[in-house]
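Single chain ahead, by itself, as structure tokens, in the form predicted on its own.
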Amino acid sequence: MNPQRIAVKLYLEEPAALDPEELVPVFHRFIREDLVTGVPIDVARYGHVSDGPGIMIIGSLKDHALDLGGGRAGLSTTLKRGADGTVASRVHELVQDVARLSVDLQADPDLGSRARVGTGEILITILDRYEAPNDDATLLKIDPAIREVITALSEAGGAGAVTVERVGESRDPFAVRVLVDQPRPLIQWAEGVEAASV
């Protein structure tokens, strides 16, 4: 399995407190100041679309977004091409990207803690349907890589209870919801945690 198109989403702790339009000038500044990965190109506005992609930084290799999909606002990063390494290392990098995006948004004086994401729930979607159909066979293949990432992102001494469950229907892209009982603080995810085997 070698999926190139993978998305990771972390959910906002206070979704109702953040107006998607507030992020438009901030995302433009992030592009100017080279604060996001994946060769950013422009900002796209989909905040008017119900359960849509929200406000996006469109990039050549990655997209970053305030994602409104599934009726729950969160920050997401989507790898589109150019992936190296294992599935686990790709997911780990995307989690770090989303965490860094949240930390950088919190540093904006107009946004602050309203842009904070939680670290106890992660939505991981593989958009390559041929590589990863949304079925239990794919879950069996991907589960070890996901658990490898969670081990790296959890406090020393173990992750506590970790739940990995497939979500959606067979016609949807493969996605799992990961619940982490004892995650590290967000700032540690953003700065990068030691994950030698990932």
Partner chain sequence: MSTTGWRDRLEAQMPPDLAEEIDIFETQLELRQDGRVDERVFAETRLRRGVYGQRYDNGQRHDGIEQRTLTFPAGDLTKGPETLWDAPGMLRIKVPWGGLTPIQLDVMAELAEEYSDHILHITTRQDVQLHYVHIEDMPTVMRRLAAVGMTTREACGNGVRNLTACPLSGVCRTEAFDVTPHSEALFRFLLGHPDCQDFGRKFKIAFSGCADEACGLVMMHDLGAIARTDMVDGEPVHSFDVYVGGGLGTTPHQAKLLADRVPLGELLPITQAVARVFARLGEKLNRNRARIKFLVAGTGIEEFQRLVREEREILPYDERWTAHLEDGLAPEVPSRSLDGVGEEDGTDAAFVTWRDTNAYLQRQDGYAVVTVPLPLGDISSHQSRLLADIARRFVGDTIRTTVEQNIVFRWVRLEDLRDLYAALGEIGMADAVAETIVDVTSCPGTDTCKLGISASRGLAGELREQLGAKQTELDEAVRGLRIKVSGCFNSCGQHHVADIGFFGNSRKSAGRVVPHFQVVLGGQWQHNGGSYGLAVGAIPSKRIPEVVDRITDRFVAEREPGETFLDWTGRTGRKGLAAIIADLKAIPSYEEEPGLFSDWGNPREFSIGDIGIGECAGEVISSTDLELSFAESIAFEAQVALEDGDVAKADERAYRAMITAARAIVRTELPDVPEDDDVIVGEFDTRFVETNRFRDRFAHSKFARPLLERHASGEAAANEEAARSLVEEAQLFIDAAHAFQIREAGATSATQ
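Residue numbers count along the first chain shown, from 1. Since the model is a prediction, treat every value here as computed from it, not as a measurement.
The next section is about a form of this same protein that is not shown, the form predicted together with its partner chain.
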> Using a 4.5 Å cut on heavy atoms, which of 31, 167, 139, 146 is close to its partner chain in the predicted complex?
Replying inline: 31
> Which one of 190, 179, 175, 24 is close to its partner chain in the predicted complex, taking close to mean a heavy atom within 4.5 Å?
Replying inline: 24
> Heavy atom to heavy atom, is residue 103 within 4.5 Å of its partner chain in the predicted complex?
Replying inline: no
>> How about residue 60 - does it come within 4.5 Å of its partner chain in the predicted complex, if we only consider non-hydrogen atoms?
In response: yes
> Does residue 161 reach its partner chain in the predicted complex, with heavy atoms at most 4.5 Å apart?
Replying inline: no
> According to a 4.5 angstroms non-hydrogen atom cut-off, is residue 152 in contact with its partner chain in the predicted complex?
Replying inline: no
>> Using a 4.5 Å heavy atom cutoff, which residues in 118-141 contact its partner chain in the predicted complex? It's fine if the answer is none.
In response: 127, 128, 129, 130, 131
